[in-house]
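Next up is one chain by itself, shown in structure tokens, the form predicted alone.
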């Protein structure tokens, strides 16, 4: 289950961002993943509470959005959506394409709880 290791790596990024902004905790994490990323979303959701225990992200909502698979055709230049096991151009049907997206696992955004500065006396 490499999803636990992915969660731990994700939480290192989250903790670094939280520390950079002096956040007391994290309330929401938005991840974007592609179907070619090798991530099993349900396993990532199961691993997340274990990895987040004792971190500023403990109790944070984990939101996962799937990104589409997109390819750019080397023949006609069109960028189009494709299916994971058929990376062909939607315009001309050529298989000479480059993957543009669909293999990513990205930390898209965070919602941080940042304490207000105490009022000056």
Partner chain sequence: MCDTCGCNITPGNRHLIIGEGKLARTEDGRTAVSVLQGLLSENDHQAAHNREHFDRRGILALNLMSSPGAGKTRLLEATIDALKGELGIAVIEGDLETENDAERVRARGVPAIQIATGSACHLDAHMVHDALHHLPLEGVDIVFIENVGNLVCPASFDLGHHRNVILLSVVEGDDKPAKYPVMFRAADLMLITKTDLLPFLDDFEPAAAERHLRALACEAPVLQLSASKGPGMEEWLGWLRGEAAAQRERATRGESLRPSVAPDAHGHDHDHAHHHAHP
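Residue numbers count along the first chain shown, from 1. Source: prediction; values computed, not measured.
Just so it is clear, the following notes concern the form predicted together with the partner chain, a form of the same protein that is not shown.
> Taking the partner chain as it sits in the model of the complex, is residue 42 in contact with it (heavy atom to heavy atom, 4.5 Å or less)?
No - in the model of the complex, heavy atoms of residue 42 and the partner chain never come within 4.5 Å of each other.
> Given that the partner chain is not shown alongside this chain, does residue 24 nevertheless sit within 4.5 Å of it in the model of the complex, heavy atom to heavy atom?
No - in the model of the complex, heavy atoms of residue 24 and the partner chain never come within 4.5 Å of each other.
> Quick one: is residue 31 in contact with the partner chain in the model of the complex, heavy atoms, 4.5 Å cut-off?
Yes, contact at 4.5 Å.
> Verify the contact flag for residue 36: yes if a non-hydrogen atom of it lies within 4.5 Å of a non-hydrogen atom of the partner chain in the model of the complex, no if not.
Residue 36 belongs to the contact set for the partner chain.
> Can you pick the one in 76, 90, 63, 87 that has a heavy atom within 4.5 Å of the partner chain in the model of the complex?
Exactly one listed residue reaches within 4.5 Å, namely 87.
> Sequence order please: the residues of 4-26 with a heavy atom within 4.5 Å of the partner chain in the model of the complex.
The stretch 4-26, when checked against the partner chain in the model of the complex, contributes 6, 9, 10, 12, 13, 17, 21 at the 4.5 Å heavy-atom cut-off.
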